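Taking the form predicted on its own, here's one chain by itself in structure tokens.
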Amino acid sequence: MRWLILLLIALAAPAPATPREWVDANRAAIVREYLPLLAIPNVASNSEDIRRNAEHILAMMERRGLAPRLLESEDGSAPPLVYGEWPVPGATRTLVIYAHYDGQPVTPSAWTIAPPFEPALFTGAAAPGQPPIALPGESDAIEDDWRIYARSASDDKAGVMAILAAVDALRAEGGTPGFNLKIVFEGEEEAGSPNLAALLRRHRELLQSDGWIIVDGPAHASGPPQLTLGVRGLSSADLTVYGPVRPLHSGHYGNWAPNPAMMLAELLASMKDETGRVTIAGFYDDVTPLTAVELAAIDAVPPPDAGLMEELGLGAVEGRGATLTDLIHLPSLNVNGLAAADVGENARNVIPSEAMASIDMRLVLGNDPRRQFDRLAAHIRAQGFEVLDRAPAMDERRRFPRIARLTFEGGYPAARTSLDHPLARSVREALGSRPLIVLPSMGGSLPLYLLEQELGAPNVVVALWNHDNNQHAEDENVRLGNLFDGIVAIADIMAME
């Protein structure tokens, strides 16, 4: 009789929830935990706010029993890595899952949906002036198309939230990771990770692993998540062109005093031809050719161009007929922003004294950040400019007809793991039950070369968030269906053998 009672109790007990079932049953709870994290300002340059984020995430990890700690720099001044772990007895390998908790700078006046650090929930893609909906109750239904608007809602606090929620989903299943799990959250990726190398060296023993899985970036424009085996590098520069030492009346001095805004426009235009190809000498010389396997992977991806042109209102694109997928595997040059006097209602009839541009050059395997910068400087000299690394003195202004100040703002090389690497195969198999885009590289940049340089660790990137998330721009958002699907995807990765 006792065995019968035990059998009846076992049959009556609820079965462990799968990650999908757990996520669907806890959608409101996930959102309610996520919003306070998004409310903490996280611009990478604000050390106090970054520290507040780290402490908040530490508490989230403590609640999950991940034995978290802050991995500090030698003098404690750098944003800490937030570290946690879930060791598994008998596991044959150790993997690190990574996201970053810092974000890009914000211009609050440019945000039209909600202030950047007042996360707001909407029932879909929102329009300016549309009121948000109330915070859902624990049992309220939440639809996939709902969105949260806030800085880092997708890039990359979504990665932080999804990784931690995936831990909950795996535990609800009664499971454990298929490997010793280490979790690392970085606090200055958007600033170029200037302290990451030193942090990795200082904590090398703790961070040793068989590979890193990076959770960052958008899903493919056609919808599926992306598994990318690399990232582009980055070389950033600030460029200033000089005119008169003070702004001049455009009527009194127009056609006589050189206008630095016009000079800068002409200089920037000289850096690309009409098809968008960079004209700087040697710009493409160092590119490591893609392998036949990598080219085949690119060819297998459905071109997103037509749909994106419709969505973005573009009548033409650059690239001489190449697809977006092709072009993200080449180095690029972009003007991030321009400044010269004022425009709109603040415009004045003046010849400005200087004009400035911020430039980023995305790099692929083989490119060196400093070498690309040096090529940019040589191009500017070839256009007749005296190139300085500081503001010109008065005697220099009088001596040189054209002066440009060019400063290297930092950068790092690209990184790429082989498509047939065991780590890549494992993650691909873990995600194999869903549609998946597999690419040699993503278009964005992360300092993943440091993981190989400092730790000898291969790495792959899993990109999950909606492609129209406005990352790095105003009105950044995350579609909740992508967040919930991302949690399940990460739980599947955690469970892989």
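Bear in mind the structure is a predicted one, so any value in this text is a computation, not a measurement. All residue numbers refer to positions in the sequence shown, first residue = 1.
Same protein, other form: the form predicted together with a further copy of the same chain, not shown, and the subject of what follows.
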Q | a further copy of the same chain: the contacting residue among D368, E72, E118, D360 in the predicted bound form [heavy atom, 4.5 Å] | A | D360
Q) Ok, L135, A292, A300, A347: which has a heavy atom sitting within 4.5 Å of a further copy of the same chain in the predicted bound form? A) A347
Q. Out of the stretches listed (83-91, 327-335, 178-186, 422-430), which one is close to a further copy of the same chain in the predicted bound form, meaning heavy atoms within 4.5 Å?
A. 327-335
Q) At 4.5 angstroms, heavy atoms only, are A114, L451 and P458 all close to a further copy of the same chain in the predicted bound form? A) no
Q. Is there any non-hydrogen atom of R204 lying within 4.5 Å of a further copy of the same chain in the predicted bound form?
A. no
**Q.** Exercise: K157 in contact with a further copy of the same chain in the predicted bound form, heavy atom 4.5 Å
**A.** no
Q) Looking at the partner-bound form in the predicted bound form, is R232 within 4.5 Å of a further copy of the same chain by any heavy atom? A) yes
Q) At the 4.5 Å heavy atom threshold, is R171 in contact with a further copy of the same chain in the predicted bound form? A) no
(Q) Using a 4.5 Å cut-off on any heavy atom, which residues of 432-452 would contact a further copy of the same chain in the predicted bound form? (A) M442, G443, G444
